[in-house]
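One chain comes next, on its own, written out as structure tokens in the form predicted alone.
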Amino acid sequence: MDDLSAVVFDTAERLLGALHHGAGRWEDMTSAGQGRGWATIEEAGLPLALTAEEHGGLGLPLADGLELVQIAGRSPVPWPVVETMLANRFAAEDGRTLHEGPVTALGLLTADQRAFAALARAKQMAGALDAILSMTVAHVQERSQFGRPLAGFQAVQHQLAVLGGEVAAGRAAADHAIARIAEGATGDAATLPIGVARVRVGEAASRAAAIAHQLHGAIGYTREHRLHRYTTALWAWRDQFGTQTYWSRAVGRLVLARDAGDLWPMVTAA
């Protein structure tokens, strides 16, 4: 991570964190409030984080740009920050003018662009999973039952361990896919780790959301609770740029297309 990336990360952590906590009910936000929020995001340069410097972007290295996407996942906001990052990157690649204002829909994408967008979603989901884990750990430490903190019960500790394992597995799968892309993997060599990442982080989202809601005693289902915001976002992101079924079949096709002798080297490389 270079100095520019460190500055961008710090800015994004503070800005998106403040917007996340200050947004209130997204459904109640006025158009003026939406405009002010997006203006601060644009002033920080976040919509240009995934765009190369020669095209007017910040020119962050690939891994750092997607780390910023993970930061956005930890503090979801009602503005399409990641979608606009992707739209500007793809516009620059296609020789089109960068977008002015937020972009909510990316339109028709090439196969490579769709795979990259799927990888970005995987990192965004990893960020949301990190936040859910922290939120759940804090909740069971603060709340008590029968005179002792919830965290003191063995059954709760077991569920927390499972939750932590799911979060770590999803994040590791996404990071591995990014490393493969950064090394220059293209075509099927890139599709396989991206597909594995999407499938694994999707599974983690399903299990983590169920455990977090259970340990919160179902209060997280209410719109007023932050857990509601994270889990509904995860369930939506899980089906975008390819569903669980789509990516599972993509991985299966790539595996079946290889000879039996190639299976173990492919598994260890992916």
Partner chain sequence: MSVLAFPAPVSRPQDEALRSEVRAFLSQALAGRTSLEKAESWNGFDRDFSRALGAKGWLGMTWPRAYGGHERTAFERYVVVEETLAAGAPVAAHWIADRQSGPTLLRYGSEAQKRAILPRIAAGECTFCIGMSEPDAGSDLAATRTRAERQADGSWRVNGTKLWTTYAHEADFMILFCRTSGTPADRHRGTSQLLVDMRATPGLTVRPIADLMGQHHFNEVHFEDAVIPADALLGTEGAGWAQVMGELAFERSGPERFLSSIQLLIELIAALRGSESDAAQAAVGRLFAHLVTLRHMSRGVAALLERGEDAAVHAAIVKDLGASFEQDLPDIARSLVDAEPDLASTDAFAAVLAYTTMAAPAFSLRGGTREILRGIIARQLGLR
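C-alpha atoms forming the largest set that superposes within 1.5 Å between two forms make up the rigid core. Numbering follows the first chain given and starts at 1. All of these numbers come straight from a predicted model, not from anything done at the bench.
Omitted here: the form predicted together with its partner chain. The next part is about that form.
- Site annotation in the model of the complex: the residue of 192, 85, 125, 118 reaching within 4.5 Å of its partner chain with a heavy atom is 192.
- In the model of the complex, at least one heavy atom of residue 252 sits within 4.5 Å of its partner chain.
- Taking the partner from the other structure, its partner chain in the model of the complex has a heavy atom within 4.5 Å of a heavy atom of residue 176.
- The shortest heavy atom separation between residue 141 and its partner chain in the model of the complex is within 4.5 Å.
- Interface residue remark: residue 182 is not counted as part of the site for its partner chain in the model of the complex, having no heavy atom within 4.5 Å.
- From the list 108-116, 155-163, 93-101, 77-85, the contact stretch for its partner chain in the model of the complex under a 4.5 Å heavy atom rule is 155-163.
- In the model of the complex, not one residue of 50-67 has a heavy atom within 4.5 Å of its partner chain.
- Superposition of the core reveals a Cα shift of 2 Å or more for residue 261 between this form and the one not shown.
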